[in-house]
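We begin with a single chain expressed as structure tokens, specifically the form predicted on its own.
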């Protein structure tokens, strides 16, 4: 077969995926970007190619506050999830016998089998004033009256961490299980203790799993609407919640598009930082 025939056959294989990407990612993104440059005057959409919607992000306190809230929650969830997931992945990889590791991983990913909405409402019941946590604290005599846990940032972070710890556990475990025991033996032969071995050998070798899991956690957390809406209530709004307000109550598609572009820009920046970190780590 000629080289041109091979090229045409290659395009035939690539075309479905390329068309899908163009129709369901590139085109919507272009439309959203163009919409963010329009303005809403009353009920009329004016295509004036203005940056007024982006200027509102700095002029209106609640919009800027929503961006900060999203970043604070996302970074907090990512940090806590890493701190909890690494020991869990370590235990499964090195402390659980190989024949039981699959079962341990199965138990670890059980939360993924439950509906996202159902999990959020379950946490809402657990953290309610008459929920399990408050009743347990009162029963132990630690508090005299129920404390407010639901509809707070604490509840939002708790719901997120419950989900993303499992995701990070899988990515970190995948790195840990590939490490040869010879690395630790060599470090010990050279006089390194357990802490030094972990700091200078194990941790650097598992950074790709940590960074990959952290990036996935960041992306999924900062763009999530369900968990902050159910567990956080309306005490403080994140960017997805503000976008839904603009769409549902005000029909302000230009401002909602501008917020979405900013959100995607933050995700793109996080991707570039994680990709650069991974490249540096390989050098």
Partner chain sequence: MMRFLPWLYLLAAFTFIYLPVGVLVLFAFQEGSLPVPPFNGPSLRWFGEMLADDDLMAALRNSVLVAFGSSAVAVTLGFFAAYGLARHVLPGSAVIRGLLIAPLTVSYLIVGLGLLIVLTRTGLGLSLWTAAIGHVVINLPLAFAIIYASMGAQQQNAERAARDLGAREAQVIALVTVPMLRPAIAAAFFLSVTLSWDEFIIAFLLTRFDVTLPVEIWSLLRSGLSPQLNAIGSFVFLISVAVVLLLEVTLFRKPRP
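Heads up, when I say rigid core I mean the largest set of C-alphas that superpose within 1.5 Å between the two forms. Residue numbers count along the first chain shown, from 1. Treat the numbers as computed from the prediction; the structure is a model and nothing was measured.
The form predicted in complex with the partner chain is left out here; the points below concern that form.
Although the partner is absent here, residue 256 sits close enough that one of its heavy atoms falls within 4.5 Å of the partner chain in the predicted bound form. Under a 4.5 angstroms non-hydrogen atom cutoff, the partner chain in the predicted bound form lacks residue 275 among its neighbouring residues. Interface membership of residue 243, defined by any non-hydrogen atom within 4.5 Å of the partner chain in the predicted bound form, is confirmed. The closest heavy atom approach of residue 28 to the partner chain in the predicted bound form falls within 4.5 Å. When you look in the predicted bound form, the only residue of 37, 230, 63, 69 with a non-hydrogen atom within 4.5 Å of the partner chain is 230. In the predicted bound form, the residues of 74-90 lying within 4.5 Å of the partner chain by at least one heavy atom are, in order, 83, 84, 87, 88. In the core-superposed comparison between the shown form and the other one, the C-alpha atom of residue 265 has shifted by less than 2 angstroms.
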